[in-house]
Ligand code: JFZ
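The chain below stands alone and is given in structure tokens; this is the form predicted alone.
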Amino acid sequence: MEVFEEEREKRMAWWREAKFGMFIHWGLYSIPAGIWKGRLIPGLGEWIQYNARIPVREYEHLAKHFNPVKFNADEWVGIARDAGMRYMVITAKHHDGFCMFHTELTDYNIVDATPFKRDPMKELAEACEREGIKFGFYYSQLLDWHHPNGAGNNWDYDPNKKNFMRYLEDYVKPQLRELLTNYGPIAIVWFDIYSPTPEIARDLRDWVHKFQPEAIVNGRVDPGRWDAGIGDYIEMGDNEIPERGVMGYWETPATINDTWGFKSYDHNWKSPGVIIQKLVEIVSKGGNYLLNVGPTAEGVIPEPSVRNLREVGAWLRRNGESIYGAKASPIDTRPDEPYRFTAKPGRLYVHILAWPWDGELRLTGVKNRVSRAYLLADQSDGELRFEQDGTEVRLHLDRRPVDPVDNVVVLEMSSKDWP
């Protein structure tokens, strides 16, 4: 166990620094985009086959029409870079079973079954390497509505005749070997919906590490216990942010609107301000934020996603020091308090989410002497006045805020021992 923990620490080093990543859900489901035979299908866009109970042979026909001619790997990676994202995870195979990579295990893949005839996973892996962005695969190891032995499809296949272990050994593990040997360095393998048993979870984790020892395995490889430690880090529920800080490594996977796969009538986009404040909330509690985009069937990331992410990136260029590599807040804050903390040795970052009307902000719980205070994004305007009485610091914000969403004040400490 000690050897595993030591290896995990090494694997997680870049992830601790990254804090912000791009999730991409892209597949055949982007063609119907939430509509099937003229009906709006409730639920998530990528679950349309399940929610509409579409027969496999009928759903398969979508592959003949999947031709994302506007896909450009460098453009997608550039969007992630401009947003300040440090890693990317994309659906190599989602629950519908369609493979978005070239596999020898089935012709039901983007190279052999579509007019596109290209492997976008290879192009994205190469583009990420050029930009210095870590690259990883999402892989649905349990649900597979296309494969007779995969879980989930009980309208085409008799559940009593399924052999999941055969599916695992003859299909899942060989495909994982392909993904881990044909695409260069893989930073993350992101499993979903959990594995049936702890033994299967450990086997999959070890299988990944056999081919890429430095690849991180997320917490959903574990059979329903996110804290059991079979994966390298904890995976929160979709869009879930814990109420308080969580010990250990953890991540919130989240949508930028209300769905993961593209849905033509979902326009409930999170604003740049909401995204920034969620990022700050997550980092202040010790986590990473994996934010999803759902490209269209043509291979285009929707313009509202791009526009909003670039505004987030602009904020990070001014304030990234308070996010990248930052530790969780050493001070508990209530949900109704107008500020959050992140920290680095000798520095406490105060994220002011609501500028005080009277120009004074009182902070409690500061356990070290403050030597300087200044706005991170506007250091040329000089230092801020403050008084400290024990663990209480009173900041005098006698100037206009520089940012409409989150103004970061740096409190430099007289000692780097705290936090």
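Quick note: we count residues from 1 along the sequence shown, nothing fancier. The shown structure was predicted, so the numbers you read here are calculated from the model rather than taken from an experiment.
There is another form of this protein, the form predicted in complex with this ligand, and it is not shown here; the text below is about that form.
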Contact test, all of 47, 193 and 260, partner this ligand in the model of the complex, heavy atom 4.5 Å = yes
Can you pick the one in 349, 183, 138, 135 that has a heavy atom within 4.5 Å of this ligand in the model of the complex?
-> 138
Only hit among 170, 75, 238, 337 for heavy atom within 4.5 Å of this ligand in the model of the complex is 238
Close approach of residue 25 to this ligand in the model of the complex, 4.5 Å, heavy atom = yes
Non-hydrogen atom contact residue 146 with this ligand in the model of the complex at 4.5 angstroms | no
Answer with yes or no whether residue 94 is in contact with this ligand in the model of the complex, where contact means some heavy atom within 4.5 Å.
-> yes
With a 4.5 Å heavy atom cut-off, would you call residue 220 a contact of this ligand in the model of the complex?
-> yes
Counting only heavy atoms and a 4.5 Å cutoff, which of 94-102, 172-180, 272-280, 203-211 contacts this ligand in the model of the complex?
-> 94-102
